[in-house]
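Take a look at this single chain, the form predicted on its own, given in structure tokens.
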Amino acid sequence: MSGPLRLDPDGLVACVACGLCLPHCPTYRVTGREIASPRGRIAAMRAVEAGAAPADDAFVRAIDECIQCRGCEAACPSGVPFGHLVEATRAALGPVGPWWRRAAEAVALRLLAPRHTLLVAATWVLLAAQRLRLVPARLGLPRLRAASLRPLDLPAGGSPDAWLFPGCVMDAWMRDTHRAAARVIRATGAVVARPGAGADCCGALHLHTGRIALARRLAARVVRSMPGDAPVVVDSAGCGAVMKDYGRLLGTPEAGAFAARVHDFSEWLATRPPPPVARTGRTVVVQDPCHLRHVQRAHGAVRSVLRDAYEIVETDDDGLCCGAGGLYAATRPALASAVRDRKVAAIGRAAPGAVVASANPGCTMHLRAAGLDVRHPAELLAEVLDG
């Protein structure tokens, strides 16, 4: 790791430029540019790391345009750790983009996300702005309600059968999803609790934007907030993917043991006696969040827990990214919209007008902005619980 990007040399040389990743890269499919593909980005990283090319604007743009869906990793026969290479490259480059973007990211990631009280206070301001019609619908933000922001009816701490991780954005903007998840968890007979202090944010957004040191500090707080050996249930695919990687991120036995306890909501539910649900006959199109499908490899559980109540329909795009990518839809709106158009078309081909099941808040908001009815699997199950 002696080059300017300080990248793992084994990860860099693992790519043999076979091109099997290309059909699975959303930015390459939209643009057709080699530099917008995993293979092209790795070639650029190698050149910069070796001192054969500068980390100029074209290189920065290539790295910044990556959605980090990691679909390439699932398709790669050589096991190239592309996501980790991009994270390390972004850490070496530091914040990029115009001043207003850097300032907005600093406020969101350094001030609000790690301090949940401030984030909730900002959410109340956003709610008021929505009531005054000051928030454009095209942003896809959830329609906030004062009732949704009331505290979760969950005990804190103790020795539960399962912890429900709240997180930052999910708990501020989509707390009703947590309530639905808790209802379903209880319906299996399990006792569920929320973490103690320190579970404000998992660090996923920080890691994806190259703020690795801050991501590690947040991860350490999360590990301490849920002691014991009870499973940690996460209803945000992006959070779950990073939390399952805490062992590598923190490099401690405690973090590794914690990571082994982390389960996506549907993944955990599939291991329990199924809750009693009513058969609806309604059609649901499943949209796999990239970090559930490509990183956690737990997307099959969503179908398993929904099929008793709904008719499941698949898309024909092999799980291609929807373009949300955490902050990506805000920082690269044109590319994010172009990628989303392909996903919306695939959903339309599968079942026009059907409800879409998605287990990630970013995907949910991004697809709702395109006019789709998107629900979390926990919400779909909570509304059909028998009795």
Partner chain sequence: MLGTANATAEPLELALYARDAGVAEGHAVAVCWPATGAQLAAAVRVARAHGRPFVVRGSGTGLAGGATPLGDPVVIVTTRLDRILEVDARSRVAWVEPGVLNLDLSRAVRHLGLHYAPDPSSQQACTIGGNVGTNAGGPHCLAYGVTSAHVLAVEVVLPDGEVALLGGLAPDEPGYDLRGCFVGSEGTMGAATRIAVRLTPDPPEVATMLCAFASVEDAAATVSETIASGVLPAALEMMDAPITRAVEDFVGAGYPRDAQAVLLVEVDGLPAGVAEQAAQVEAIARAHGATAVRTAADEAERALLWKGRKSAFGAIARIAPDYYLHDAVVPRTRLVEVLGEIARIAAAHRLLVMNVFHAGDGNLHPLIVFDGREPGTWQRVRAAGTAILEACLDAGGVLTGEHGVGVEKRDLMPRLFGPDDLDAQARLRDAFDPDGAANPMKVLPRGSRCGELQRVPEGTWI
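Numbering follows the first chain given and starts at 1. A quick note: this is a predicted structure, and the numbers were derived from the prediction, not measured.
We do not show the form predicted together with the partner chain, though everything after this point is about it.
Comparing 240-248, 219-227, 121-129, 70-78 against the partner chain in the predicted complex, the single stretch with non-hydrogen atoms within 4.5 angstroms of it is 70-78. Remark: D316 counts among the residues lining the partner chain in the predicted complex, judged by a heavy atom distance of 4.5 Å or less. Interface membership of D10, defined by any non-hydrogen atom within 4.5 Å of the partner chain in the predicted complex, is confirmed. Looking at A338, you'd find every heavy atom of it more than 4.5 angstroms from the partner chain in the predicted complex.
The closest non-hydrogen atom of H24 lies within 4.5 Å of the partner chain in the predicted complex. For the three residues A14, L20 and D56, a heavy atom within 4.5 Å of the partner chain turns up in the predicted complex in every case. The partner is absent here; in the predicted complex, the one residue of L327, A44, A354, V344 having a heavy atom within 4.5 Å of the partner chain is A44.
Contacts of stretch 264-299 with the partner chain in the predicted complex, defined by any heavy atom lying within 4.5 Å, are made by none of its residues.
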